[in-house]
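Here's a solo chain for you in structure tokens, the form predicted on its own.
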Amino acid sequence: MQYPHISAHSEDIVRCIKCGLCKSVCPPYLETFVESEGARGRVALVEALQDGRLTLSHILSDRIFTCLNCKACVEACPSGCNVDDLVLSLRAELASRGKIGLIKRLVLNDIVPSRTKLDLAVKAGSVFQRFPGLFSMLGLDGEGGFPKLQGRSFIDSHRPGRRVRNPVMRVGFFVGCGTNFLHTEAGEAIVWVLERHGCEVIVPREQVCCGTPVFNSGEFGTGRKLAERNLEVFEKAKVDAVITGCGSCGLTLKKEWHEVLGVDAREFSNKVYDFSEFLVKELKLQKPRRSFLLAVTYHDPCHLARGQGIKDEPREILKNIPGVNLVEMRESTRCCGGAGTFAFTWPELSRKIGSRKALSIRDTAASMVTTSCPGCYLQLRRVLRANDIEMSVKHVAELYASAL
């Protein structure tokens, strides 16, 4: 059988020298110690499929979907093997042959791409969440495994703020599903801070999901359609820069539309910035008027730190807030176990991975943990609560906005 998606990355199979260094940083492997649930094992699975020693089975699907796509293996690999690309290529083979569950395919290909359907699904879900007993009846994790949905999205509730005279720049805000439906406060903080720094902020209502959960599940075709739709929307907005407050959205807009999906988005991608990157590198970071006597720690989102190489900028913003003492946690770049939908498709494994992060946070003795991704924000809240650690969690933009 031919596997075109895998064939496109077959050089990565050859690059893997089977040294196993990736196992020392692979979060699922470090919890299960199962070779096929680690990075090296997944490369071996892809190789065996290509050689005809394996077939596309449900067991193979389970193994390949335990990958968080945290990219720690890629960073650790001495021979430059892009394990993340191999994992996505195998998922694409599964998706193209209908080896993904019917409900998941329906959500990814029909509901997520449609703003109207996604809004309705989230509103229905927010009502459904008032009756937590129904979760267990449907076999879902109702005890913190599913994030609390906002009844009204950020895009629906946002109203243009103050008029900025003589703006230094006209910027578009790419909201992202996490900020739009789950952590709307971060979105308001980002827009407000940008306006305080003299930017005219445009929030296009027609924007859709960036496609991360879609193509990370192997649905490349739908991922391309989402990319093309967003490109059209932001081209019409005629903005100088596009800002996002989500590490995964930023990585997708900057690199993956082009490198993974093959969409010609390079001109657009050059205008995309993470919120902290834009504030520190492109604007003059203002000194807040308020001060807090607060010990704060910072968790690096995988797709911001490893995916985009942004680690210093969020810390610079935090250190700029008077009175804030930034306390580094142990292994700040280690994945929190959220990874988008992973937290509720693999809740037990996600909790185990997240518990390591929670203990690292606890050991800083900080009063607050900050991050730069709505998905990490939700996972940190969940695992701190699960480990009986009382600590507030904020997006960097929220803390900075409250001091400005």
Partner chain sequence: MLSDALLKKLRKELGQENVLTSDEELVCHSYDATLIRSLPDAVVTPRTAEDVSKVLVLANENAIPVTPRGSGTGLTGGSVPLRGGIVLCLTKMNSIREIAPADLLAVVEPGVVTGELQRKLEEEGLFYPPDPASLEISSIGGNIGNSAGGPRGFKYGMTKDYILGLEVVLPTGELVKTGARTVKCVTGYDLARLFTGSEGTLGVITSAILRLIPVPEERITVLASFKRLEDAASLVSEAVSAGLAPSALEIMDSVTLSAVKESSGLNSPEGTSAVVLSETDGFSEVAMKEAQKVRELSIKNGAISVQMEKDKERREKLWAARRGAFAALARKKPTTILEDIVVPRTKLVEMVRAVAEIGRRHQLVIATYGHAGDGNLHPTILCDKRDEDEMRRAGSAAGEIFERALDLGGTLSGEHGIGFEKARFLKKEIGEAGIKIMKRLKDSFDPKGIMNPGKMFE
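Positions refer to the first chain, counted from 1. The structure displayed is predicted, hence computed values, not measured ones.
Quick note: we don't show the form predicted in complex with its partner chain, though the next part is all about it.
Residue-level contacts in the model of the complex: of Ala95, Cys177, Cys77, Ile317, one residue has a heavy atom within 4.5 Å of its partner chain, and it is Cys77. Here is the short version: of Ser367, Ser36, Thr345, Ser360, the single residue with a heavy atom within 4.5 Å of its partner chain in the model of the complex is Ser36.
Arg15 belongs to the set of residues with a heavy atom inside 4.5 Å of its partner chain in the model of the complex. Contact between Gly340 and its partner chain in the model of the complex is not found at the 4.5 Å heavy atom cutoff. Interface membership of Leu45, defined by any non-hydrogen atom within 4.5 Å of its partner chain in the model of the complex, is confirmed.
At a distance threshold of 4.5 angstroms between non-hydrogen atoms, Cys19 is in contact with its partner chain in the model of the complex. Residues Lys23, Tyr29 and Ile59 are all found to lie within 4.5 Å of its partner chain in the model of the complex, as judged by heavy atom distances. Contact annotation for 204 to 225: no residue has a non-hydrogen atom within 4.5 angstroms of its partner chain in the model of the complex.
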